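Take a look at this single chain, the form predicted alone, given in structure tokens.
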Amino acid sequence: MKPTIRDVAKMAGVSISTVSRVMNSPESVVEAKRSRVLEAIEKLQYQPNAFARGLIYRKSFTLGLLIPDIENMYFAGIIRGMQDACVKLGYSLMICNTDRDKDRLLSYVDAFREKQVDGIVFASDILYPEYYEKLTACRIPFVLLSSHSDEFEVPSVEVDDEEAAYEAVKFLIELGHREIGMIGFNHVNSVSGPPRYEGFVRAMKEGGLTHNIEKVAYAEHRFEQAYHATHELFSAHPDITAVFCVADEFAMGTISYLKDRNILVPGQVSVVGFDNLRMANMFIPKLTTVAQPIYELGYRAAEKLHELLTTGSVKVPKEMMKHKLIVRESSRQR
């Protein structure tokens, strides 16, 4: 059987609370007792379990992650990055899928409080005042991932969605396209939809192509919805020769729709996505896309939360990570 804190106390001839103090604040224990405890720990090769560590350090060594859609491939990379960082930093990770449901999200915050998680990463959703008030009332430190707040002072890590979208659309213009459409996120309850649309608009204004600004169809978050949005877009604007999609899954839905209508990609229509999911390089044609550092975003969010937990603040409150345009087969010169 594994040695317990009781075994250590017995061997050292001290109380259990003295053993706890040696591990938590050794300077508070006289040297003679401290030496006996440390010798007993070494002889017994005692390692406190998570529950015991929680009692000793008043921490659970667990982080919580709130994500809006666990089926979205984007979050696989986020979770992997966070998990690897947690392993390195000594945390476990609890994941809750909110499904963009307010009541469910608030109930998960209560669950995190009951489980005594040390901190929370709040990912890819708008930080409504109700959410902020709930999180602060629970006194659980948290950071935002792939999101930010202009209203509240909360640490965040993300990419510049407006700039990334602008570069993607500018790339299509530089390829010679003049009739360009967009498949965007529905702006209601979307944190990245508005800035990516703003990037699209900026590129159009700068390129003297303002007639394209209204060539936008919206989807929620899934391939099937993007497929139907593409039907709406091309039914209204059949002259489009290029489409900027605000997610790779949307780009796949757009290309599938065009294929079903015998419209060649990129022969007749170029398509650019956003995210650089693993599937982007497996899809046919391989997707030209804006690459987010998805794994690194997850990893950095965990690091930033750890920094907040251990120091009470972060050196870079609003952190922007680099994006990159990856040119593959789904786009070509007009």
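In this text, residue numbers run from 1 along the sequence as written. It should be emphasised that the depicted structure is a prediction, and the values quoted were computed from it without experimental measurement.
Another form exists, predicted together with another copy of the chain; not displayed. Remarks below refer to it.
Enquirer: Look at the candidate spot formed by 122, 156 and 201 and say whether another copy of the chain comes within 4.5 Å of a heavy atom in all three of them in the predicted bound form.
Expert: Contact check failed for every one of 122, 156 and 201.
Enquirer: With the partner left out of view, is residue 43 within 4.5 angstroms of another copy of the chain in the predicted bound form by any non-hydrogen atom?
Expert: It does not: once another copy of the chain is placed as it appears in the predicted bound form, residue 43 has no heavy atom within 4.5 Å of it.
Enquirer: Just to confirm, residue 224 within 4.5 Å of another copy of the chain in the predicted bound form by heavy atoms?
Expert: Residue-level check for residue 224: yes, a contact with another copy of the chain.
Enquirer: So in the predicted bound form, does residue 179 come within 4.5 Å of another copy of the chain, heavy atom to heavy atom?
Expert: Residue 179 lies outside the contact set for another copy of the chain.
Enquirer: At 4.5 Å between heavy atoms, is residue 32 in contact with another copy of the chain in the predicted bound form?
Expert: Residue 32: no contact with another copy of the chain in the predicted bound form.
Enquirer: Tell me which of 139 to 147, 244 to 252, 164 to 172, 190 to 198 has residues with heavy atoms within 4.5 angstroms of another copy of the chain in the predicted bound form?
Expert: Of the options, only 244 to 252 has residues within 4.5 Å of the partner.
Enquirer: Considering another copy of the chain in the predicted bound form, which of 232, 84, 130, 160 comes within 4.5 Å of it through any heavy atom?
Expert: So the residue touching another copy of the chain in the predicted bound form, by this definition, is 84.
Enquirer: Just give me the single entry in 209, 126, 79, 135 that has a non-hydrogen atom within 4.5 angstroms of another copy of the chain in the predicted bound form.
Expert: It is 79 that has a heavy atom within 4.5 Å of the partner.
Enquirer: For the heavy atom contacts within 4.5 Å of another copy of the chain in the predicted bound form, list the residues of 264 to 279 involved, in sequence order.
Expert: The stretch touches the partner through 278, 279.
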